[in-house]
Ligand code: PMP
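Below sits a lone chain in structure tokens, taken as the form predicted alone.
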């Protein structure tokens, strides 16, 4: 049966749309994600012996300002490849902010509508960034954290399954695979194989799972240490206190050689120090990463410790801790 003029026009439009997306993925903003510097910390490590080095993987220098750019790109690529994300569908997911910003940035470039559910207490900077990219925002109960945002998204998708592409970052293997094939490989190359310890916090757990799994595959002697907030009521956006939260489906606890905890106060104090002593303007979760990595490094006589500078400090500027002195 011959195609109607309307059907032909639709196919041509769809073909053009797909071609633009391929161009955007190959040469647009998506092509700038990854290959971030590995920065040696030289001031906050003054109490360490010369035989111990601590590095931060500068993920805050990704175009979307966080490590979540990698996972968002991986999940969008997987959705496009499988056909689950196609023209006419809206990407929807729950987020604490960073993955949402990455989704919104990439979807703007790919001409994909995006709807995001996030706790109402997300920082004003994150909300404004999401709005700047054109995302539709659904605010959920701050007391329920990202768990509440996930419940809201699942309800919406269940009511209109054909309307949405739901990557579900907490249960999507493309999340951790982005770090397995990208972040971990870069760390191994940048340390010249000298890496002895990797430290990362747990949120969706994608960074820790993906990097640790690749490091263990390459060298089982590398120690991989996870950390999480030290209490359910914490101020580390994007991180989970797993005993009291919904555990992500992609989490693999067997990858951790040890587990640590970090207080919000220690994270804030370190974020201050990183800005004022190292010239690294990063957020509280990055402060927690470095504070925990230093705790690990102080137990060593020799080693190379790498952690993740998760996001930029610019999305926390409205918080008063930047004006305070001597939190540590």
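Positions refer to the first chain, counted from 1. Not measured: the values here are computed from a predicted model.
The discussion below concerns the form predicted in complex with the named molecule, not included here.
Using a 4.5 angstroms limit between non-hydrogen atoms, residue 126 touches the named molecule in the predicted complex.
Interface residue remark: residue 202 is counted as part of the site for the named molecule in the predicted complex, having a heavy atom within 4.5 Å. For residue 310, a non-hydrogen atom is located within 4.5 Å of the named molecule in the predicted complex, even though that partner is not displayed. Contact between residue 237 and the named molecule in the predicted complex is found at the 4.5 Å heavy atom cutoff.
Looking at 78 to 86, 205 to 213, 132 to 140, 147 to 155, the stretch with residues near the named molecule in the predicted complex, meaning non-hydrogen atoms within 4.5 angstroms, turns out to be 205 to 213.
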